[in-house]
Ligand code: ATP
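Only one chain is included here, represented as structure tokens and corresponding to the form predicted on its own.
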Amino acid sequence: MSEPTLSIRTLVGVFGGTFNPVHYGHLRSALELVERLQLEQLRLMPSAQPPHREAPACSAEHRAAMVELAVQGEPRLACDMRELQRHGSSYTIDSLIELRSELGAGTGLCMVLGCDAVLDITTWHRWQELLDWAHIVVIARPGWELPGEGEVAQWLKGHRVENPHGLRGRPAGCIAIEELRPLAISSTEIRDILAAGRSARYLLPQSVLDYIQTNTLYR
């Protein structure tokens, strides 16, 4: 990687997940991050074959189509489908390397993670290289607690910035913690509601719900 620059004018974020299905919890967190970090754009990136779990029964193509519907009308959010175009497991490091190549060293790249993902970060493929290509922004959940000792704790301590403006000092390499508005919505709950034949209205965008019904998903 190149030497740190004095100032990064533009920050772009990437928020990976299965999005099975995407819901208002994802979208509200994404929008709050855009505004707090002053991101030019935050890209929601559906995972095609997540390496830490079985591939969802709902296809990656359907999940990506729902994300595209969900972000329509909000130019600061976008769907990034690069992981659908690769074969094999969807490794985050591969996507970050691709994004860094596309954005160039003059643009900061922020990878968004939940606290639960950070706790398991040492199981990720080439996890120690992630900060070579991007900053990491950790979404703090209600009742969250990051490790106080051990390898992950030292990793966080060595790279954390207290002020998100610190992300603009270089294109990658920093960790920021952001506490966001809690919305107690989960994709698992939505799937269970739909499987039981009940209404999931107001938990996710109507356009996404219409897509689910049209394609008879989660039944």
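Heads up: residue numbers just count along the shown sequence, starting at 1. Values in this document were obtained by computation on a predicted structure and should not be read as measured data.
A second form of this protein, the form predicted together with the ligand, is not displayed here; the remarks below concern that form.
**Report entry** Of 86, 76, 125, 141, the one that lies within 4.5 Å of the ligand in the model of the complex (heavy atoms)
**Finding:** The option sitting close enough to the partner is 141.
Requested in this report: Could you work out which of 81, 110, 99, 117 is the residue within 4.5 angstroms of the ligand in the model of the complex, going by heavy atoms?
Outcome: Going through each option in turn, the one that passes is 117.
Query raised in the report: Is there any non-hydrogen atom of residue 43 lying within 4.5 Å of the ligand in the model of the complex?
Result: Output for residue 43 is no: heavy atoms all beyond 4.5 Å of the ligand.
Query raised in the report: Within a 4.5 Å heavy atom cut-off, is residue 25 in contact with the ligand in the model of the complex?
Result: Heavy-atom contact with the ligand at 4.5 Å: present for residue 25.
Query raised in the report: Does residue 163 reach the ligand in the model of the complex if we count a contact as any heavy atom within 4.5 Å?
Result: No, residue 163 is distant from the partner.
Query raised in the report: Is there a heavy atom of residue 188 no more than 4.5 Å from a heavy atom of the ligand in the model of the complex?
Result: Residue 188 belongs to the contact set for the ligand.
**Report entry** Answer range among 35-43, 177-185, 149-157, 163-171 for contact with the ligand, defined in the model of the complex as heavy atoms within 4.5 Å
**Finding:** Selected stretch: 177-185.
Query raised in the report: in the model of the complex, which residues of 147-168 put a heavy atom within 4.5 Å of the ligand?
Result: Heavy-atom contacts to the ligand in the model of the complex: nothing from 147-168.
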